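Okay, so here's just one chain, in C-alpha cells, the form predicted on its own.
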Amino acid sequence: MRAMVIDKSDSGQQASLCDFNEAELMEGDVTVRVSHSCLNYKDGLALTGKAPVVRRFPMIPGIDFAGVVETSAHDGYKPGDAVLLNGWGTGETHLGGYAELSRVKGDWLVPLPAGLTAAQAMAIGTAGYTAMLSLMAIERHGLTPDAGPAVVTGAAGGVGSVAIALLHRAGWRVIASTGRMQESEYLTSLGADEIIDRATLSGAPKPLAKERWAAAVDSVGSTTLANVLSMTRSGGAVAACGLAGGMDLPGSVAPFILRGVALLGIESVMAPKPRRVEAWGRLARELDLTKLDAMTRTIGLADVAEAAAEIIAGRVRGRIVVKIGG
C-alpha cells in the first residue's frame, strides 16, 4: 500500500511517499480502507520535525482519517461501515492516516455522521472537532451570546475558521484576531463581525486590561492567551486549545481571582467517545457546509510534505483535505 512514512537516521528525520507492507500495520481489531485524511498543525509539526510529535519510527503520520471498514473483529463495526477517527495517538505512537489502510482499535472510531461525506468530515478534521469541543465547553460553563462577544485567535487557521462559523451560527458576535489582515474578507464571509490585528494581543500583557469579550477560543497560547485572559469580562471563559504561538503563559492570576474568568482546557486526543459522538453530531447539524467548502482545499498524498511546511509557516488558510484513495 502507498503511505507517507517518517523515518529517522543519523542525519535526522525524513518523510517520503513509499510502499509500505500491510503486514507491518500495528495491532487493532478494525482495518479501514482510508479515503481521506487532512492536514492539521500537529501534522505539520510531525512532518517537519519542528516538535517531537512522533514517538516511534518508522511512523505513518496523519492524526485523522475517514474511510470504510474493510475487516472487523469489533462488535460495533462491520465491513462497509463508514467511519472516522481523530487522535488516540495516531500519527504519533500508532501508525496514522496518511496511508491507504489503517488498523486501529474499534473503540477509537466514530461512525461517519449522517449528512457528511468522508471528504467533508476531513475538511472538519481535528481542527474543526476541536473548535466544536471549545464551543461545547463554553456552553457548559453557562455562557450564551447575551453575555457579550466572543473572540477567536488564529482566526484564519483551521481551528479559527471553523470556530468563527460555529460561533456565528450559534448567535455570537464574533471578533476575529489574525496576523493576516488581507484575509479580512474571508473571515467576514465565515461570520466574523469585527477583525482585529493580532498585534493587539501580542504586547506585554497587563494583569487586567479593558474588558472586551465574554468568551474566547484560543489556538495560539503564550502572550496572546495571556492578553485574551486579561481582556475577558467578569464571569467569562476562555477555551484554550492550541499552542501555535508557544506553550508558555506569561500572564497573571488577576483575571481568575478578580474577575472570575475561567480557563477551559480543551483536550481532543483522548476525549471520551460520548463527547466525540456529540461533537460530531453537532458538527453535522450545525456547521454550514457551504462555509466549510469555502475554507477548504484538497491535495494529494504526494503534496503533504510541502503543505506541512506551509502550515508551520502560517501560510495556510482554513483547512486542507488530503485525498488518499477511493
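Position 1 is the first residue in the sequence shown; the rest follow in order. Predicted model only: the values in this text are computed from it and were never measured.
The discussion below concerns the form predicted in complex with a small molecule, not included here.
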Residue (of A215, A127, A192, V228) lying close to the small molecule in the model of the complex, criterion heavy atoms within 4.5 Å: A127
Interface residue in the model of the complex among G148, G251, G106, G179, criterion: non-hydrogen atom within 4.5 angstroms of the small molecule: G179
Per-stretch contact check against the small molecule in the model of the complex, the hit in 252-260, 157-165, 204-212, 112-120 (non-hydrogen atom, 4.5 angstroms): 157-165
Contact test in the model of the complex: V220 vs the small molecule, heavy atoms, 4.5 Å: yes
Contact test in the model of the complex: W280 vs the small molecule, heavy atoms, 4.5 Å: no
Distance check, G87 to the small molecule in the model of the complex, heavy atom within 4.5 Å: no
Partner contact for L101 in the model of the complex: the small molecule, 4.5 angstroms, heavy atom: no
